[in-house]
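Just the one chain here, laid out as structure tokens, in the form predicted on its own.
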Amino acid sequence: MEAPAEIRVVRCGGSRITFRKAVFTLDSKFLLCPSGDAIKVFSSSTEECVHVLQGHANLVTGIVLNPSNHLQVYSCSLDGTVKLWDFTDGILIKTYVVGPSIFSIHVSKKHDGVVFLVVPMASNKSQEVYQLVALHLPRSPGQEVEAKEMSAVICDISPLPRAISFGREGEYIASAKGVQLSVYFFRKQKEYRFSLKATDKKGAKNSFPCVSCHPEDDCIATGHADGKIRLWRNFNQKKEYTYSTEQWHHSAVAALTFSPQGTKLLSGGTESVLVQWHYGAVTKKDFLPRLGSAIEHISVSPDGALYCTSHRDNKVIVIQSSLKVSAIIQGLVTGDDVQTELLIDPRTKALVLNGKPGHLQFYSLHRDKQLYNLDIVQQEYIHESGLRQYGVMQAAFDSDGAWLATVEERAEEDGGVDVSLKLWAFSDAAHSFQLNTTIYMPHEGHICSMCFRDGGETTTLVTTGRDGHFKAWVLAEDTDTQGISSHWSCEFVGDYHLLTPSACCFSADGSLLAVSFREVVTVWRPGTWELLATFSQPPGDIRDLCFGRLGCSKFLLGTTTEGVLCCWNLLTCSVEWSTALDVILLQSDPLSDNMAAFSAAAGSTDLFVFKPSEPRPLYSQKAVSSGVVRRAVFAPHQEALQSCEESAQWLNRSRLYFLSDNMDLMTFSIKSEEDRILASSKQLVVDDSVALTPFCLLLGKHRQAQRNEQDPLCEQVAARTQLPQRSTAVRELLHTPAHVLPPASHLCTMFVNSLLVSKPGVRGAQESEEEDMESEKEEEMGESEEEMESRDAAGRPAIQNEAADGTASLSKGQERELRQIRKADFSWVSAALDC
């Protein structure tokens, strides 16, 4: 079954952000980093990823700001295109189709409408010789145009961007390759080449890894493999050039750049130290040490206030000009140091693997951000080759993420190995794992594999070693003066005919343990540790073991070194089926009964997804990766997908990730899921002046919830309160000449008060309170008047002539209501008549 068109193998989060030099925006608020086939826009203050510019079909090899528009950026890629982006909104403006693969891009203010590209020379088919060409960008209105007008500038140069630099605002360009420095003057259209000897009598290595030109003076700084820095002058004449030599680095200078004002020169290398040289007084230097990893690139903001260092461990550090670290952007650490399998933390659903030397990194696949590093070795790592230091070789989680087991090893001078097994307990108070038990030399030699038991009464860990034994470690509790404490101890040691064990795994319910001894598979019962059955599958030793899950839990699968994939039925103790397939990696989906098998074939790796109940694959794809895939893992989705295609249903619950031969983290993407993510990203509107932060997102959700709660109330108020339209007062205010109007200070107060709308309930309560107070005052005044009248009447005879009076007297309540009616405002009637 061939792969349908809707499933693609794509680079996912975790690509290198230090492959090329990062670029600051003009206002220094954002930092642009190439990352795989995309460009990530980070906030230089909050470290958050604001935008991801996606559109290239291959690796992005360089980015530069547009000199004529500081809100735009050019990018180049191995797909042979140059793209122009609006990085503030994340919009692709234009694509220039060049053709050949592009390895770096450069621009200059003096060359408007021209970008300089490093491409392979057409005459060399091996693509090992490169040239710098000037590409004239066409001004056609289309979004995708062909750009074929190119002219060669310098031939036989290095493809690395750090080996090319413009000088004096674009008057000349310098390029370094090997032991040769080339300088091309645009006005003269002449090139000068200067060479050094590869080595000298003192053993110096004079090759040029990097070059940087002074922005104002005729000075070129070159870094060398032996740690020297040379400042070249008078290079406009081939025979009269001079240079001075400075040195602080003890190994190769990997990065070198001048500040925009030319007052500082920054350098870095494997020492993990940023060196700041003062131009004109090179003996004066400032240092920022202990940056954690070797420096590969250095960038400076346009105003010179911020520096940026890109490190070998996929880390970007933003540094103030006073040499104080202000932000650290850590990507996924991959490389040859990855020894553990790819694991998923059951608590955080984060990807767990080797990080910094001696550490495990917890990386969120959904947020594409490192959560934290866990120090396993707990020793300072020394960056020097030849030293024997501890390294984390294996790791495993239990089912609920409460325990973590790690294995660290160090090679000894006599050929032996020093091994430590550490058990870590998760602490809710510290929100991290804390060391519980350390077991020195659990086996006499390397530990081959280990796994936790799920579903048992006691937490159990099984390890297999080169000493011919497998051991079961159980968690026990002790009571002492400080309370109840837990520790790990060995409960059982097993072997089989003096053979060396390799792979081990528990069934999904923890009732069975399978351990392979060469070509024999043994099945044990945990707890009693009774040998239940043995399976033999010659030829070849067992490479990997895996129990089926859910509806396929009665099957046990194994792969051999001779290219056989075998499935045993545990109920009948017989072979269910077998096939000739060189499976180098076998993974089971914890949320379904699917399994993924990676098979090596003709220099690439094929993928087969199947259920153990039948050998027919559900999905297969040839050459998912060039080279050999050694590590893979299923990670659960945050929300289950709804795929109608039968061949894509295996991706509904989990997503399969794997590390390619180039240590790139790859995954499988469905077109419907890509459309959903694209639609959700378009709904996010980011203000240019405010960087998107977790607090901003939380506050936005809170405000949206408040808005939703207030919407019904606002609609009711709007329905009850209809403001008068075409008000006479407003019309007169707008049409009356200004010289006859009252002072603006008097009109402003009246106008603003007319726009205020108070809450009906509050306004009615206030009016009723005011009316009651006024009525009480009037009653008091009426009572005082009656008392005075009564006193006057007592002094003279009373006249009783009710018949002569034609009207009846009103009560006090009726008089109070009459006074309230007189004070009522009926201006709304006139306003309604005017409308």
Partner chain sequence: MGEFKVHRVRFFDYMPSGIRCMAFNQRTERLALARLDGTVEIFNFSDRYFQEKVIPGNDARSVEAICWVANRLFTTGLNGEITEYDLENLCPKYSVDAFGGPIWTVACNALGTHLAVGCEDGSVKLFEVLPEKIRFEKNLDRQKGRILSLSWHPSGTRIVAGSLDVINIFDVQSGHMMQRMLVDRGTVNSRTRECVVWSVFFLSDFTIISGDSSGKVQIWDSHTGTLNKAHLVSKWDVLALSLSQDESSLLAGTSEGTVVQFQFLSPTLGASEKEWVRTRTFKHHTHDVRAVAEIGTAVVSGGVDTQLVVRPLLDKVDVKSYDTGLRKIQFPHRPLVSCAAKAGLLLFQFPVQLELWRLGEGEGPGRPGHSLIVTRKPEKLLQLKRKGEDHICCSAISPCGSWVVYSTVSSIRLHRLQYDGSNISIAKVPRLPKVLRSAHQLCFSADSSRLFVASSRSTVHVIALSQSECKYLHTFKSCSGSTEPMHLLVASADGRWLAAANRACEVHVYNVRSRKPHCIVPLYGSCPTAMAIHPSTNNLLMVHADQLIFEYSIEEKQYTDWSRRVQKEGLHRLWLERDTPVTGVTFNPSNASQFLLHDTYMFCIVDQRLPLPDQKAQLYNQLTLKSLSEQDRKSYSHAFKFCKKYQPLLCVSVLEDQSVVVVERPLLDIATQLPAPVRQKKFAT
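Numbering follows the first chain given and starts at 1. These numbers come from a predicted model, not from an experiment.
A second form of this protein, the form predicted in complex with its partner chain, is not displayed here; the remarks below concern that form.
Heavy atoms within 4.5 Å of its partner chain in the predicted complex belong, among the stretches 320 to 328, 231 to 239, 73 to 81, 262 to 270, to residues of 231 to 239.
Site annotation in the predicted complex: the residue of 243, 496, 426, 390 reaching within 4.5 Å of its partner chain with a heavy atom is 243. Screening 381, 372, 185, 492 for any heavy atom within 4.5 Å of its partner chain in the predicted complex leaves a single hit, 185.
Among heavy atoms of residue 217, some come within 4.5 Å of its partner chain in the predicted complex. The closest non-hydrogen atom of residue 431 lies beyond 4.5 Å of its partner chain in the predicted complex. At the 4.5 Å threshold, heavy atoms of residue 367 stay clear of its partner chain in the predicted complex, well away from it. Contact check for residue 347: no non-hydrogen atom falls within 4.5 Å of its partner chain in the predicted complex. Relative to its partner chain in the predicted complex, residues 469, 536 and 539 are all farther than 4.5 Å at every heavy atom. Along 269 to 294, a non-hydrogen atom within 4.5 Å of its partner chain in the predicted complex is carried by 280, 283, in order along the sequence.
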